[in-house]
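Here we start with a single chain on its own, the form predicted on its own, put down as C-alpha cells.
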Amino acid sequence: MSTTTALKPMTEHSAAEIERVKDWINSEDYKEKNFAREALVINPAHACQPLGAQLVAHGFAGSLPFVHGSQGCASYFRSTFSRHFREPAAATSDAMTEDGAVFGGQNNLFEGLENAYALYRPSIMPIFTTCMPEVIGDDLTAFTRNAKQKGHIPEDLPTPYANTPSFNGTHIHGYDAMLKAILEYLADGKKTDGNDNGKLYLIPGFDGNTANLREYKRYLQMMGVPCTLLADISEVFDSPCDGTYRLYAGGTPLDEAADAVNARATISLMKYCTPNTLKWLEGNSVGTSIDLPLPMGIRNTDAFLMKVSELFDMPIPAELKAERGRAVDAMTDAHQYLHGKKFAVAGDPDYLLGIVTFLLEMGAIPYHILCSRSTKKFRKEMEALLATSPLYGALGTVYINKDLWHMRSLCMTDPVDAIIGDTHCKWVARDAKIPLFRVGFPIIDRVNLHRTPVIGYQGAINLLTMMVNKFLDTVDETCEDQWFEMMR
C-alpha cells in the first residue's frame, strides 16, 4: 500500500502577493534596487575563460583540446559548442576529482595525456585549465615537462598550455590566452632575419559564425592576397556530411601557424578579444601587426578592404565594389522600416561595436548597450562611436559589467522595439514582448544561423533582411489591413 505525502512549501505566498511582485519587478523602484546589487550575477552575457580557450584549440589542424580539470566542466564546453554548431566538439579531459583537489592534478594529467594520445593520435594537444587546478596552483609547465620525460607522450608532441581560470575574465580572455600560447609554442625559433613570407595572417577572434570566416577567405582570394586564418574553425564545425566522420576536419595547418611570426601583416578583427596575442606579435614578428574593427556594416567593411589593399598594394576588385553597391541599394530600399526604431544590444565588446555601427548606418537607435564584462576603455570607445551620429547615437547609453537581468529592468522600464544578442536574451525579449534578433554566441534555439554571414557587404544585407522582415511579419500578422503592403 502506497501513500502520498503532500509537501508543504517552506514559504507560502498569496495569489495577490505574487501578482504584486510580478508588477513590482517591472518598476523603476525595482530597477534602482537591481542596479545597486554588487555581489550577484544573474544570467550573464558571457561564458568562462576555458570555453574560449577550447574554441581556439579546435582551430588548428589535428588538434585535440585537453581540459585540465573536472569532467563536468569539459562536458559543459563540449555541449555548448555542439548545441550551437550542431556538430560534435571533440575534446578530452583528465577528469580531476576530490583527490586531485587535495594532492594536485599531475597524475590525472599524466594518465589523461597518455590515454588521449594512444586513442586519438592528435598532432597537437593544447592544454587549458578550469577552476580547480587554478585554485590549488597546479604548475602546468612542470607537469607537461614531466609527462614527456616519463614517456607518457612523445617529446615532440606540441603541448601549448594556457591558464584559464573560470572565476576570472570571460571566454574572450580565454581565447586570447590560448591563442597566444599556441603561437608562442609553434613559432619558437621560427622567426627569420627580417624577410617576410608575403602573407596576411588574419585573426577573426571569438566568432561562432563559420560563414564569417569563409567570407573573409573569399574576400582575400578575390583580392589575390595570400592569407592564413589563425584558429580557423570554419571546417572544424561546418564540415560536409558525406558519410565519413573526420575527427580532425580543417583547422589552420601547424606549419603555417608557426610561420605567423614571418607574416607581412597580421590583422586582428577583435581587438578586445586578442590584446595579449597582438602585443606578443608586435614584439616578435617581422611584419606589421594591427587591429581593425569587426567589418559589420558598410563603413567597417570598407575600412578592412582598404587596409588590406594598402598593405599588399592590391586593388579592390570590381566584384567587391558591385557587392558594396548592392548592399547600399538594399539598405536604401529598406531603411524606412528600421529608421528611428530603438534597439537593446548585448554581447561581446567587438561584436557590440560592429552591430552598433550597422544600426547607426540604418538610422536606427542603439538605445540600451550592455556588455557584461568590459572596461572603461570600451565604454569610451562605444560612446565615441555613438557621438559620430548625434541624431541616432545621442540617445544610447552604455552599460558595462552588467548582466541580462539588468537588461530586463532597462527594457521593462524604458521600452525598445527589439533586442539583438545571443539565445540567453530570449527571456528579456519574452517578458518585454519584443523580437530577439539572434546574433553572437551561443545560438542554441535556432538552426543554421552560424552558416549565414553577418560581416561584410552580404552580412549587412543579411542583418537588414532578418530585422526588417520580422518587423513586417509582426505588422502583417496583427494589423486589420488585409491589403498590407499590397496594391490590390
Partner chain sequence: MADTLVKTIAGITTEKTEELIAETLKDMPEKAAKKRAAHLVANEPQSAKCAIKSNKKVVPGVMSQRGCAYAGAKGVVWGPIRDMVHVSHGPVGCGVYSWGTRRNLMQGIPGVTSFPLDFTSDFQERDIVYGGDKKLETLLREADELFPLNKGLSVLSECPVGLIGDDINAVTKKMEAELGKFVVPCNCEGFRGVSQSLGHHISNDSIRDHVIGKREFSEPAGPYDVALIGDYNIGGDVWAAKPILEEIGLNVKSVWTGDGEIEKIAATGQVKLNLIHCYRSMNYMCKVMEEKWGIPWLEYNFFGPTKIEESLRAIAERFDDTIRQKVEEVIARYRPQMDRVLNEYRPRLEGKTAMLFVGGLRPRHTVGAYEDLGIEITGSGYEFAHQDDYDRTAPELARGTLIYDDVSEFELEKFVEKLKPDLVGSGIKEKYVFQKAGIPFRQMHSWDYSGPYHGYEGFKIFARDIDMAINSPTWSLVKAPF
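Worth saying up front: this structure is predicted, and the values here are computed from it rather than measured. Numbering follows the first chain given and starts at 1.
One more form of this protein exists, namely the form predicted in complex with its partner chain; it is left out here, but the text below deals with it.
- Contact between Met486 and its partner chain in the model of the complex is not found at the 4.5 Å heavy atom cutoff.
- When contacts are judged by a 4.5 Å heavy atom cut-off, Leu370 does not count as touching its partner chain in the model of the complex.
- Under a 4.5 angstroms non-hydrogen atom cutoff, its partner chain in the model of the complex has Ser166 among its neighbouring residues.
- Not displayed here, its partner chain is kept clear of Arg446 by more than 4.5 Å at the level of heavy atoms in the model of the complex.
- Within 4.5 Å of its partner chain in the model of the complex, a heavy atom is found for all three of Val21, Lys33 and Met96.
- Heavy atoms within 4.5 Å of its partner chain in the model of the complex are found in one stretch of 321-329, 194-202, 261-269, 79-87, which is 79-87.
- Interface residue among Gly287, Gly396, Gly112, Pro293 relative to its partner chain in the model of the complex, by the heavy atom within 4.5 Å criterion: Gly112.
- Listed residues Leu229, Met132, Ala177, Val416 were compared with its partner chain in the model of the complex; Met132 is the one with a heavy atom within 4.5 Å.
- Taking its partner chain as positioned in the model of the complex, the residues of 107-122 that bring a heavy atom within 4.5 Å of it are, in sequence order, Asn108, Glu111, Gly112, Glu114, Asn115, Ala116, Ala118, Leu119, Tyr120.
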